[in-house]
Structure formats: C-alpha cells, structure tokens
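First, one chain by itself: the form predicted alone, in structure tokens.
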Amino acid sequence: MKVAIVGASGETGQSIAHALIEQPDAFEVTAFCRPASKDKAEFTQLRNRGVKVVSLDLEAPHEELVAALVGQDTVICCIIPFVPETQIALANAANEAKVKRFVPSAFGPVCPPVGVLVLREIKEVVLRHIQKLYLPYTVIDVGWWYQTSLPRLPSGKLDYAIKFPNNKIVGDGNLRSALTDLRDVGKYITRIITDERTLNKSVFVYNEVLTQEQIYSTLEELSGEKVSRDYANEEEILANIGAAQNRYDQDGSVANLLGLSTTQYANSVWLRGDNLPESASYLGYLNGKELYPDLKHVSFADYVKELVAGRGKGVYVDRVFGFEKDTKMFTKQ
C-alpha cells in the first residue's frame, strides 16, 4: 500500500510514520513537507529510514496537489487543524487523484461535533466537505495522551519530559477518561487503514480508561513522591470557557483559539465525560479494542515507570511554536 503523510514531522505524524516504516513489506511511505522544512531533522531521519520525502506547498495550485497525490492509496493528514481550507484543498486533490482513503486531521479526544470544542467544529467542516465529495475516508480519534496527562513532581524529576503539565484536577478527579500512549497511535493506524470495516467510518482508539485521581496515585506510587492536589470546580471551568470565548470572539488569533481550546478540553474530557468508549459508541464510532483485540499497547503504569527511570520521551519538549498566520481560523456555520 502506498501511503502519503502530510505533517509527518509532528508528534502524531512521527508516531504514524515510524509504525508504517516498521512494516516495509506492507507500506511504501511518502512524507510531504513544506519546502522550507525539507532539511528539518525529523525529515532527515525519515529519509535515512527509507521514506520518500517530497517538498509540497500546501497552498499550491490544485493541479500541483493532484499531481503530488496521484498513485497514492491512502493520504493521512496530520497537520494542525486550525485552517480547514488547507485540508479541503487536499481533499479536492485526493478526490481527483482517485485516492482510495483520505484520513483527515482528527486524532483528538471524542466529543459531539458541535457545541463543545471549537477544534472539533473546525474538523467537522472538513468532514462535511469530504462527504460532499463522496471521497472514501476514515476519521480516527484517540484518547487523551499519556504524555500530556501528568502533573509535575515536586522534585522536578520528570520535567525533562513534561512541557505541558496537567497540574489541575477538574471536578473531584473521579471522572473516567480514555487515555492513549502516543507511540501506540501509529500501531493502531497501520491496522485501521488496511481494514475495509473502517472505510467511511469513525474509529476511536485508546489504551486505558482512568480518572485523574488514578493518574496522580499511580505517579505517587511509582515515584515515591507526594503530589499535591489543586482542584478546579465546574463553576471555575465554565467561567474560564466564557472568558476565553469572549477573547476569541473579539480577536480570532491563534493564541486565543488555543486558549479557548485548552479550557474546553478540561470541560469535555474531565467534566462532561465525552472522551469515553461509551460516548464514542453513541456518536457512531467503531471501537479500536473491539476491532483489534490482539494489539498490544503500552500500559499507563509502564509509561510512568519509564519516565521515573529517566528513559521517557516527552512531547513538544524540543519544539518552538510559531504561527505565520494570526487570522480568524473559523467562522461559525
């Protein structure tokens, strides 16, 4: 199968690329990159592992995008989903290039398509366009990453691997939520894109279902350190969302979009109970555990043990975030 990844240098893109590379007899991988990014270390590493890296301006004319995608069986988008027009242009090109499966940039916690998360609403714009084209697709959402679920330890022992600590317990900390090790995302996707059952469907993949209290307690047990609890109640969370929404309505900058998304995630994942297998099932998702019961995943406890032993790898740790566009990213429809 010929698989093209758009956004292979990102955290999710790397997980997917590395999993595909592990099966050279099954997948021929192409990674598209912005011309300015072709010399990035992530793409050099992919080249060294046999991946074909191709420069592609995502704002190029339609004909150029079509030519780049011709011959690909599956196109996986891992770009930051702030600008739906970029993925819509890729979907149009994939449709004309007769791509057999288009995977839009989802890869987030499950929630209803409107009214909860602004990022989910942006993704819905893309999905509606894909369906308008009758372009074969699969939406893949994943549980909250292990890598962004932990608070800092008092000793600072895990700071090397935690750029965005989860230091607030939402509500009483006893609401369950689905979690996934980022490294397992790619493993699931190698199964999903070769499975006819998932064509024109949404799939939810996750490793374990835990509460924030269980996360904190596991960290305490395996680190030997006591972690203080700092709680945020529902009233506080909803007030934060309201304030963030006002800022975003007045100035639709990327910074304000991210601020709004952060507060909305706290509500969706840890208060509403959206990010659960049963919620996903209600919304029409296929369950990754039911589809692939033999897939072995990293347990949450083993992930924490790696971190405590100094062998863990954080996400975004070595990245500097910058955005070229500071414009309104989404118009309510």
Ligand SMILES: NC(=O)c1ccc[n+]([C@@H]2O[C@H](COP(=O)([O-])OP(=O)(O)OC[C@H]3O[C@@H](n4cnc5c(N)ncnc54)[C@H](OP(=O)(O)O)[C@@H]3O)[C@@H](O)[C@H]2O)c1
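All of these numbers come straight from a predicted model, not from anything done at the bench. One rule holds for the numbers: they count along the sequence shown, beginning at 1.
Another form, the form predicted together with the ligand, is not on view; read the next lines as being about it.
*Asks:* Can you work out which of 40, 289, 47, 62 has a heavy atom no more than 4.5 Å from the ligand in the predicted complex?
*Replies:* After the contact test, the surviving option is 40.
*Asks:* Which listed residue (78, 257, 111, 193) meets the criterion of a heavy atom within 4.5 Å of the ligand in the predicted complex?
*Replies:* Only one option qualifies, and that one is 78.
*Asks:* I'd like to check something about residue 144: if you look in the predicted complex, is any of its heavy atoms closer than or equal to 4.5 Å to a heavy atom of the ligand?
*Replies:* Contact with the ligand, yes.
*Asks:* Classify residue 215 as contacting or not contacting the ligand in the predicted complex by the rule of any non-hydrogen atom within 4.5 angstroms, answering yes or no.
*Replies:* No, residue 215 is distant from the partner.
*Asks:* Determine whether any heavy atom of residue 66 comes within 4.5 Å of a heavy atom of the ligand in the predicted complex, and answer yes or no.
*Replies:* Residue 66 lies outside the contact set for the ligand.
*Asks:* Please determine whether residue 106 contacts the ligand in the predicted complex, using a 4.5 Å cut-off between heavy atoms.
*Replies:* Yes.
*Asks:* Hey, of 136-144, 242-250, 224-232, 92-100, which bit sits against the ligand in the predicted complex at 4.5 Å between non-hydrogen atoms?
*Replies:* Stretch 136-144 is the one.
*Asks:* Quick one: which residues from 218-250 get a non-hydrogen atom within 4.5 Å of the ligand in the predicted complex?
*Replies:* Nothing in this stretch is in contact.
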